[in-house]
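Here's a solo chain for you in structure tokens, the form predicted alone.
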């Protein structure tokens, strides 16, 4: 891995976590630099911040791509897209999903992802971080980023204590369920929705006087600390993927890949 970590960022909105990451790079808390910022939303405010920082930015208009797939203009996806392979790997949608809807979903996302990959190719990177990127990534995309054996290179932050409350509204789900504790999770991205190996978590108690707004505000403050810290661990080569056996076995799954954090000074080979 390069001495200075090259970080790519994908976002969909204001990009507050991107700002925290960029500031951490600037002040030395992360030994790295952001080399590009991409978005599925041409109006994402996070892109404006990237421009002001002099960071290359680009967009892929997912809505337009999906519309072309739905109207039959792009019926088969990218030339290197193999539907059966992607469908067998994905766990974003249940196996019993409507075959037509599943096919349309995978083709449309892969068509957009091919454009993302093409734009990202201009900016070599070591780690891709999702900073409020509101699109699921399919095996088509992930297999083209995670090219080294047993090295995951896509990281995400989720606004809940996974595996509880995956999906788009983690703080809201936590609050509505009546939980006594809320928090955030940084994890690597795998073929499912918020199911990848957990790197680190931070939690805080929910008070009687808390509102959803106050919980989100407190959660964001933790996110801005936790995400840069996890990226720095990656930069130091201290995140190790380890396969562990489940005792007792859970259903058909007998093992799971987890993240071990090596002590300071103990790094793994690139």
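Positions refer to the first chain, counted from 1. Just so it is clear, the model here is predicted, and its values are computed rather than measured.
Beyond what is shown, the protein has a form predicted in complex with glycinamide ribonucleotide; the following relates to that form.
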| property | result |
| --- | --- |
| Full three-residue contact with glycinamide ribonucleotide in the predicted complex, heavy atom 4.5 Å, for 81, 86 and 139 | no |
| Partner-facing stretch of 120 to 128, 141 to 149, 86 to 94, 162 to 170, counted where any non-hydrogen atom is within 4.5 angstroms of glycinamide ribonucleotide in the predicted complex | 162 to 170 |
| Residue (of 116, 157, 154, 199) lying close to glycinamide ribonucleotide in the predicted complex, criterion heavy atoms within 4.5 Å | 157 |
| Distance check, residue 134 to glycinamide ribonucleotide in the predicted complex, heavy atom within 4.5 Å | yes |
| Close approach of residue 53 to glycinamide ribonucleotide in the predicted complex, 4.5 Å, heavy atom | no |
| Contact test in the predicted complex: residue 220 vs glycinamide ribonucleotide, heavy atoms, 4.5 Å | yes |
